[in-house]
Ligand code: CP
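Read the single chain below, which is given as structure tokens and is the form predicted alone.
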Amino acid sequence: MKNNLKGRHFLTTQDWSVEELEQVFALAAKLKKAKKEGRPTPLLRNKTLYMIFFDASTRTRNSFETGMTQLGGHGIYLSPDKMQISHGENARDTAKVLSRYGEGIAIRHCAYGAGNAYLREVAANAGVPVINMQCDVYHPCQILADYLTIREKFKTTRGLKIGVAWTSAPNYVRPLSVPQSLILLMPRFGLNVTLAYPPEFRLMPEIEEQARKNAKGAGVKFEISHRFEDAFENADVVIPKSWGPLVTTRDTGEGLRLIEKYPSWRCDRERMALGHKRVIYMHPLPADRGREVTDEVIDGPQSVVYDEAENRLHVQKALMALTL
């Protein structure tokens, strides 16, 4: 197995070259095949990954923990309230101690303005690889799974159009990390990206600018629209997902009111019909059924959300095997 990635942090796909990311996808495909055939892959025998969750999760925790088990290692679930973090221990001390015990640290910390900074401080002080399980800026593991799923469905990805669209979902203000990671990675692999959102829901300006640079470097298009349908028209892939107006306001009440301002931003059969006949629907889950998407779409033949969720396991196993 070719591997020049041992010991590397994985905080954002931006830090890795296309060739390095291709190593992850190649190994993920092999590990997926091995699992299907029932062949063991103990590539991390007796190794330990510490998983620190500031935010709860279904897919992230279970895919990482299961992945470590299938690789012959052990994933330990940690939450700040069960650690000395809750009593004020800083990122430096946590990083240095856990580095003495195990072979990797993974962190999920989505608090806007705090998550990515915490991950970077841990990475700066850790003696082992640090993996971003989602922060306020990036969700790189989800986007690896997204890309692997697209590649499996279309074989080649260059020239495809992917529509990344904001959707209206109630109750809480969701992070920016999924759409931001999507618009950064997909152009690098040859996909044309249309990002659609209401004016109040723009992404971080520096991320949008980097996406433009990535698209220019790859010779593809990156466009921003304030019209929902633009993400769907002539699309091959659509990922309609809610996120908060965090660049506009940090006030939760105001953010929720802005979300309620656009109830028609919902993925339904009529919007899906605007895409190519082969268009697929994707979502990182959990989707707010009835608000973000109709049951007819998410449970229909164009939906690949469960394939997408499964691929979290395979890309993360590959990532851990290569870095740890």
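Throughout, we count residues from 1 along the sequence that is shown. Please read all numbers here as calculations on a predicted model, not as lab measurements.
This next part talks about the form predicted together with the ligand, which is not shown.
Candidate site formed by Lys30, Asn311 and His314: none of these residues places a non-hydrogen atom within 4.5 angstroms of the ligand in the model of the complex. This chain is displayed without the ligand, yet in the model of the complex the stretch 57-65 from 44-52, 57-65, 290-298, 261-269 comes within 4.5 Å of it by heavy atoms. Only one of Arg188, Arg174, Lys161, Arg108 lies close to the ligand in the model of the complex, with a heavy atom inside 4.5 Å, and it is Arg108. For the residues Leu285, Leu274, Ala34, Leu256, the 4.5 Å heavy atom test against the ligand in the model of the complex is passed only by Leu285. Gln142 belongs to the set of residues with a heavy atom inside 4.5 Å of the ligand in the model of the complex.
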